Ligand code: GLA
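Before any questions on binding or motion, here is one chain by itself as structure tokens, the form predicted alone.
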């Protein structure tokens, strides 16, 4: 496991003793399969090199102490393990306390601890900094307190934080990608069987460029839950027509068109997005297996158009970034990535043209929007890990 050795000395400086464990959990990119995870569908995703690193040790105090020097170099965040049942609005330590609450539901607990956090995942951008935080602390707790769960269950613990503690009806994509990611490969996940089906190679010579629109999204306060309800309602109405159709994952594009009159306008549009995304994931895997990067890129553009028109989770800024992608040399495809309502777009770009592409993309966006976008050339990273020191 690679990590910055300075974090150990920083921990010693803050807390006066050596740490016992260190964990690392990456953020993720959703490549294709937007909002399909909670519809038990298919997703192509990857872990990235940006990650949350947690350095931790037990303490003999009556509180847990956390430091995040990058967020606030002077602050020490404390909480009592006796008072964590309810989330405190606006408190980032909710994601840590939520993990402990989920562990207690499973008959496990932790003792008071000190933790130093270092995070390079952009916040509120759509690269799942929250899941990286949940998984990073989960894996640190696993090593420090000897907690044994399968990786699938650790992912569900992170999802439980979002669903039960934070009140957001998310699926398992973010935690799955952070835990199961493979260096230099996409992962194809099936969220009905809750497993990674296989890895998918991206032909050499191309990279994903992340362009952050700088519009922060807060999914708890967005229409995320409303979108999920529309999807669930659509599936319920289609189930009597198509036997065995438990979720939208079981509906084909042709079947949806045949039965659109059964759905409200919004239910149909949301279903069209999810059904189309599951189909695009399958097409993308086939294209990448054949080394057909052009078709893969075309599917990225199609995905964004569906987000814009059907799921309505894009923004003016994200739409402009994708339109720029169509006009600049070197880009094969682009789309919003993640929950939407702000955050990032991903751009599949030829390596030889990345420097020119990113320069022109940033300049044009600044001219139109008046804001400098954050541009990251993403390496596909390894999934979460933790070691005892």
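The structure displayed is predicted, hence computed values, not measured ones. Numbering follows the first chain given and starts at 1.
Beyond what is shown, the protein has a form predicted in complex with the named molecule; the following relates to that form.
- Candidate stretches 170-178, 145-153, 230-238, 243-251, one within 4.5 Å of the named molecule in the predicted complex by heavy atom: Among the listed stretches, the partner-contacting one is 170-178.
- Task: Report yes if any heavy atom of residue 41 sits within 4.5 Å of a heavy atom of the named molecule in the predicted complex; otherwise report no.
- Result: Contact check for residue 41: no, nothing within 4.5 Å of the named molecule in the predicted complex.
- Quick one: does residue 224 come within 4.5 Å of the named molecule in the predicted complex, counting heavy atoms only? Yes - in the predicted complex, heavy atoms of residue 224 and the named molecule come within 4.5 Å of each other.
- 4.5 Å heavy atom contact, residue 347 and the named molecule in the predicted complex: Heavy-atom contact with the named molecule at 4.5 Å: absent for residue 347.
- Task: Would you please decide whether residue 330 lies within 4.5 angstroms of the named molecule in the predicted complex, comparing each non-hydrogen atom pair?
- Result: Residue 330: no contact with the named molecule in the predicted complex.
- Heavy atom contacts to the named molecule in the predicted complex at 4.5 Å, residues of 337-352 in sequence order: If the 4.5 Å heavy-atom criterion is applied to the named molecule in the predicted complex, 337-352 yields 338, 339.
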